[in-house]
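One chain is shown next in C-alpha cells, namely the form predicted alone.
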Amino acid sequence: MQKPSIPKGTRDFTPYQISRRNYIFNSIKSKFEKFGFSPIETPSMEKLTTLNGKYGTEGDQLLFKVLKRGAKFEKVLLNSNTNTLKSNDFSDEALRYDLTVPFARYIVQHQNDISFPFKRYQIQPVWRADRPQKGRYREFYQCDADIVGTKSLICEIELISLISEILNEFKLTNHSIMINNRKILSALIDLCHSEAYFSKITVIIDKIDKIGVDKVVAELKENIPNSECWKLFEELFSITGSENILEWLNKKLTNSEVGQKGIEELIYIVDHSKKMGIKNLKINISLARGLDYYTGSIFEVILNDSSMGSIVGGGRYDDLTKMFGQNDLSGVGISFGAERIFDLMNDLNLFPDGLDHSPKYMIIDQSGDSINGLKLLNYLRDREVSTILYPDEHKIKKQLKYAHLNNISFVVFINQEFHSKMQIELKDMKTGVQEQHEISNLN
C-alpha cells in the first residue's frame, strides 16, 4: 500500500491556515486597490523562451520545465543523438518563476488595450526548483504591485508607502525597508574593471546579510579574477552610516555619469520618503537583488528581530519589455512574500480573532422524515444564516461532539413536521443551555 505524501517544498493547507492566508491576501488586495492598482492574472505556464535568460544563471536553473507530451516527446527521442541531448530539447514550456516576467510579456502582448502609466496587481502562485527550507518553498504565492509606463521616482516613493502601510496593518512594525540602486552597483563594478562579472558579483554581495562580510569578500576573491574588485567592496563594506557611505560613493564615482545618476535617485527617494513619514527606510549598498532585469532602485524588507530573511522585494526595470519587442517602457514593482508573512504572523500570534468561519447552526433531525430537516435547512439558508444538517442517524452524543469539534455555536433539534411557525429545541454549545424557540427567532 502506497504511503500518502506530497512533493518536497509543497504543502497542504488546513481550514485554520486557509482562513489566515485569506486574511493576508484580502488585506493586501484591499491596500493595492486603495493605492489605485488593478488586478490581472496570467497562466501558470509560460513558454520557455519567455522565461529563459531573465533571472540570471542561478535563477534559470530553478525553472520547473514542463516535458513535451506524446508524439512531440517521442520525436525528440527518435531524431536526436542521446549523447548530445539537452534538457531544453524535451521542453518548450515552464511553470512561471515569478510574476514580473510574465507581466512584461502581458504588457507587450496587450499594449493596445492598456492606458499608461498602468498600475497592476497580481496575487498568484509561482514555482521554483529550490532547496526547501523554513520560509522557502517550491510552490508559493507572490503578491505583486507594479507601475509601468513612467520613469518618475514618485512611483518608488508610492511603493515604499504601500509597503509600510501593509506591514503596519499586519503589526509587523519592526521592519527595515532597505534600498539601493543598480546604477551605483554598475558604476562600482565598472570602476574596478569587472563588467564581465556583473551578475556573479551581484549574486555574491547580495549574500552579505546571510553569511557576513568576510565570507562575501572570500567568495569575491575565489570567483572574480580581479583584485581591484574585492578590494573595492571590502573597503565599501567597512564604512558605516548612510552619510559616510554616500560621501564615499560621491568621491569614488565623481567621474561616473551612471553612478552619479544612481546616487541622485537614491537621495531623492530617501529624502522624499522621510518627508512622507517613512521612518524605517535604510540605504544598503550591499543590496543587489540577484535578478538580472533590475536597472535602477532596488528594495528589500526584513523584520529586524527575525532570521526569516526578506519578506518584500522589488525594484525598477527599464529594459524588461525590450526583450519582447517594446522599447522605452520603464516599470517598477514590489512583491510581498505571503508565505513568509504568514509564518511570521503565525509564530508571533499576530492574526486577529474571528477569522475561523464555522456554521452558526447544526440541525439534528429527530422527526423520522429527513425532508423536515432539509426544509428547515433551506429555510435558514434562504435567510442567509450559515447552517448545516447532520446527515447520519448517529447517537446524539456523537452528533453533539461533532458540533463541538467544528466550533458550531448552536444545535437545532427538530422532532416534528416542518412549518414556518414550528417550535424547535435550541442548544447553546458554549453554555450548554437548551431552550424552546420558534424558528422565526433564528437569525
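All of these numbers come straight from a predicted model, not from anything done at the bench. Residue numbers here begin at 1 and follow the sequence given.
The same protein also has a form predicted together with another copy of the chain, omitted here; what follows describes it.
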Interface membership of Lys322, another copy of the chain in the predicted complex, 4.5 Å heavy atom rule: yes
Proximity of Asn415 to another copy of the chain in the predicted complex, heavy atoms at 4.5 Å: no
Touches another copy of the chain in the predicted complex: Val411 (any heavy atom, 4.5 Å): no
Contact test in the predicted complex: Lys261 vs another copy of the chain, heavy atoms, 4.5 Å: no
Partner-facing stretch of 337 to 345, 369 to 377, 250 to 258, 297 to 305, counted where any non-hydrogen atom is within 4.5 angstroms of another copy of the chain in the predicted complex: 369 to 377
Selected contact from Ile163, Ile363, Ile285, Ile157, since only one has a non-hydrogen atom within 4.5 angstroms of another copy of the chain in the predicted complex: Ile157
The single option of Trp230, Tyr197, Trp127, Tyr293 touching another copy of the chain in the predicted complex, heavy atom within 4.5 Å: Trp127
Residues within stretch 385 to 422 having a non-hydrogen atom within 4.5 Å of another copy of the chain in the predicted complex: Val385, Ser386, Thr387, Ile388, Leu389, Tyr390, Pro391, Asp392, Tyr402, Leu405, Asn406
